[in-house]
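Below sits a lone chain in structure tokens, taken as the form predicted on its own.
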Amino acid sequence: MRIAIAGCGQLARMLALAGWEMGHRFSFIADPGEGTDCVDGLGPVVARDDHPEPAALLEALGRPDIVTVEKEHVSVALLEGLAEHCLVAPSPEAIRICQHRGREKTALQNLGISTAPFQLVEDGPSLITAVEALGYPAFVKSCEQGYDGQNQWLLRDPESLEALAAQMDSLPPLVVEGAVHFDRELSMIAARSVSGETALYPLAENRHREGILLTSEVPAANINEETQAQAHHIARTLLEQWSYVGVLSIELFDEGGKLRVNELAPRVHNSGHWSQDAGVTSQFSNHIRAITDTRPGNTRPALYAGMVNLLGREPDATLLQAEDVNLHWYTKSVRSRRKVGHINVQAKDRARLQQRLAELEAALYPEGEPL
């Protein structure tokens, strides 16, 4: 099949590399000003603005059988237009919900899925009212576009609240979240095919630095049956209620065994990159399998697996000589805080995996050195 991917970043690259192994061919939709280095050589790249009509865009893309996405910030109107001519997966409606934090949290609560307490605000007075109702500390995030710590604010006192309220005229709509006193951050990668077959990966435990994912460890430690059942219920509820097709990524707060959804991503996700080298069907392959209605592959790793992000730095060659590491480089230029690659590592036991993740992190990010 020919598959078109909306977006030209590293996720598009890894989706295409996985799909090539299955005999599929790819083309890519580039937004204005979007870099295309990650997908160079993997298929035609078509500038969206050059073909404003969906039918003309599909023709330029080589008449794909399926259109999918590597990011949620895609024109929903464009996807709806394309859906009149071919399968778009995930659906435009799922992407519309997930690209706006307010819509996403409201949809989750309507399905009975727990989130942090929240309120939507659009001006200074409503911001003040929301924070006073939810209490300090309060987490404020833009409804759209904010990620990796961008367009996010932590308010600890009335002074910081007043300072942000004074800026509201120049800010987009925001969501205010009350504090959740969680023990750790988890995530689950889930997939559902066109025919409705599902596959769930083990829960990953994630560590962040400066608002950006740094490491993931799989399977997460000390997950009891009740917590595992909660995670599976959340994933299956979303997949089935939305008739979802493709990979859905679910970020979770673990609050003493009780799970709350932090955010969703209607696509493959950074915290699932470990799956590329863990002896399972990777999240990228299972996304391609799902949208082409092929039965999902194995998601249970035989070994413990982990991932370390490369944020604004290239690893030293000596770091890559170890037998247990695999480098995935995105062919991006290196700049501060930018995700330019990741390293996957496997081990026979959890203690060894945690030791190796700590060693890699220490080598890449010396103590006290900012991202």
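Being a predicted model, the structure only gives us computed values, none of them experimental. Numbers for residues come from their place in the sequence shown, where the first is 1.
Here the subject shifts to the form predicted in complex with ligand AMP, a form of this protein not shown in this document.
Visitor: Quick check on this chain: which one of Lys258, His85, His208, Arg236 has a heavy atom within 4.5 Å of ligand AMP in the predicted complex?
Guide: Comparing distances to ligand AMP in the predicted complex, the residue within 4.5 Å is His208.
Visitor: What is the one choice in Glu217, Asp254, Glu177, Asp277 with a heavy atom within 4.5 Å of ligand AMP in the predicted complex?
Guide: Only one listed residue qualifies here, and that residue is Glu177.
Visitor: With the partner left out of view, is Phe139 within 4.5 angstroms of ligand AMP in the predicted complex by any non-hydrogen atom?
Guide: Yes, contact at 4.5 Å.
Visitor: Does at least one non-hydrogen atom of Ala116 fall within 4.5 angstroms of ligand AMP in the predicted complex?
Guide: Yes, Ala116 is a contact residue.
Visitor: Indicate whether Phe182 is a 4.5 Å heavy atom neighbour of ligand AMP in the predicted complex.
Guide: Although ligand AMP is absent here, Phe182 would touch it in the predicted complex, with heavy atoms inside 4.5 Å.
Visitor: I'd like to know if Gln152 sits close to ligand AMP in the predicted complex, meaning any non-hydrogen atom pair within 4.5 angstroms.
Guide: So Gln152 counts as contacting ligand AMP.
Visitor: Determine which one of 246-254, 74-82, 222-230, 160-168 lies within 4.5 Å of ligand AMP in the predicted complex, judging by heavy atom distances; exactly one does.
Guide: Stretch with heavy atoms near the partner: 246-254.
Visitor: Where, within 90-106, is there a heavy atom within 4.5 Å of ligand AMP in the predicted complex? Residue list please.
Guide: Only a single residue, Arg101, comes within 4.5 Å of the partner.
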